[in-house]
Structure formats: structure tokens, C-alpha cells
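Only one chain is shown below, in C-alpha cells, and it's the form predicted on its own.
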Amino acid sequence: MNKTGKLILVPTPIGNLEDITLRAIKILNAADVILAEDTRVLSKLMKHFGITNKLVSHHKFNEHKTLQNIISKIEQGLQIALISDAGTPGISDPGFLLVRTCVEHGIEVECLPGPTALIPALVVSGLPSDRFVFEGFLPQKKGRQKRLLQLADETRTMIFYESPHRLAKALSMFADFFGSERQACVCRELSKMFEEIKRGTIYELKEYYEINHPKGEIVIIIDGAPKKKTTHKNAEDDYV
């Protein structure tokens, strides 16, 4: 009986290696091929857990070239695991294009639950978590200003990823577009030894990081805009 090929997305720890799941280790050991965003980074993880499967490079610069070869291997019956440098593949990391193509070809896709930076940052921020919007990394240059203008009236809690060298500038732009007194939280190096959680107004955080230059992975949580009062009739009245 031929083995059925499929793609399996395997989240990897965002910092603390103990956050990997037993199921993730089992899948990585059993996979025929492991696609890795950076084989040098992931080889350390593999060595730590005694996983000896061959790593194959799969990142944003080569994913279009390697796509059809990967699809062909899965259709031949191989089970391929996809991992990113940290967290869940496809969330601000390579993965979407491959998943979409597998779906278009009728190939089974499985995704393990596991580490991602945005949810721990949201929960620990103390800001409303019942409704939120994940923006990931903002566009560069003019596209960034346009996107922030579109988000100025967003009432849901907003989650952004940002690089450390652009953090202070990003907070300055948030203050300009959202208001300097808007509550926010900056989470840095989540789950790692030097994890840092800073809460305050956007202005206070901007002032802090203009003096204290950060390093590592950054997640920014920003409170949504106050909901505007409306004089419209309550929709529920139509059903009374």
C-alpha cells in the first residue's frame, strides 16, 4: 500500500526550545523531507532533539522556483514537513504560497498547533483580547503611512511585528496616526532569557525606546480607537 503524501506545517519554538511539542518532534522524525526557512538556524534545533532528517532550504527568495518540485514529491507519496525559523509557518514567514498550491492540487495539508509570538503578546499586554486584528509587518515607505491612515479608526486591538532598529520610529508614527495617549505594549524576546514587556502610552514607549535601543524580536500591541457614539436605532429593535 502506497503512503499518501501530504504537507505538514510544524510550529517551532520562538525562543525557549522546551516549547516544542512531543507531536512536533514525532512528525519531524517521521517526515521524508523537512523544508526549513534557514537550514543553519534549524539545524541547531534538529541537533538538540536528535532529529536527523535532511533539511531542504525553502524561503521567500526561492519558494517560487522550488514550488513545483515540492508538489511533485508530495504527489509521489512523500510526507513533507514545513518549518520556519521560529513560530508557525505562514504567519509573517514563508508557507502561504505552498499551502495554497497544495490546496489547488487537492493535496492534504495539516497544521500542528504551537508557538507563535502574537497570541502571548496580546494576552500579556493587558489590552482587550476579545477582538483583535493582526497586521504583521507594515509596508515600507509610503505604503506604511497609507496603511496607518486606514487603521486610524480601527476599534479592535491591533498587533504589529517590527524590527528593533525601526521600533522607535514606528512608535513615533503610531503616535502621529493613533494619538500619543493611546495605550500600547511592546513585547521583546518572548520566551527567551531577556524577555521584556513594556506597557504605557505610545508616547511613553517611544520615549523609552529612543533612549534604550532594543535588540531581538518585537511585537507591538496597540489599543483600538474609542468606539464612536452613534444615534442610529439599535438593530435589535427590529427583532423585538
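The first residue of the sequence shown is number 1, and the count goes up from there. Computed from a prediction, not measured in an experiment: that's the story for all the values here.
Just so it is clear, the following notes concern the form predicted together with ligand SAM, a form of the same protein that is not shown.
**Request:** Give a yes or no for T116: in the predicted complex, does one of its heavy atoms lie within 4.5 Å of a heavy atom belonging to ligand SAM?
**Result:** Judged by the heavy-atom cut-off of 4.5 Å, T116 is in contact with ligand SAM in the predicted complex.
**Asked** Does ligand SAM get within 4.5 angstroms of any non-hydrogen atom of I222 in the predicted complex?
**Response** Contact check for I222: no, nothing within 4.5 Å of ligand SAM in the predicted complex.
**Asked** Could you tell me if L78 has a non-hydrogen atom within 4.5 Å of ligand SAM in the predicted complex?
**Response** Taking the distances in the predicted complex, the answer for L78 is no, it never comes within 4.5 Å of ligand SAM.
**Asked** Within a 4.5 Å heavy atom cut-off, is F96 in contact with ligand SAM in the predicted complex?
**Response** Judged by the heavy-atom cut-off of 4.5 Å, F96 is well away from ligand SAM in the predicted complex.
**Request:** Let me know the one among L205, I70, L190, I34 whose heavy atoms come within 4.5 Å of ligand SAM in the predicted complex, would you?
**Result:** Checking each option against ligand SAM in the predicted complex, the one that comes within 4.5 Å is L190.
**Prompt:** Of these, 210-218, 41-49, 61-69, 22-30, which stretch puts a heavy atom within 4.5 angstroms of ligand SAM in the predicted complex?
**Reply:** Result for this chain: 210-218.
**Prompt:** in the predicted complex, which residues of 57-84 put a heavy atom within 4.5 Å of ligand SAM?
**Reply:** Contacting residue: only S84.
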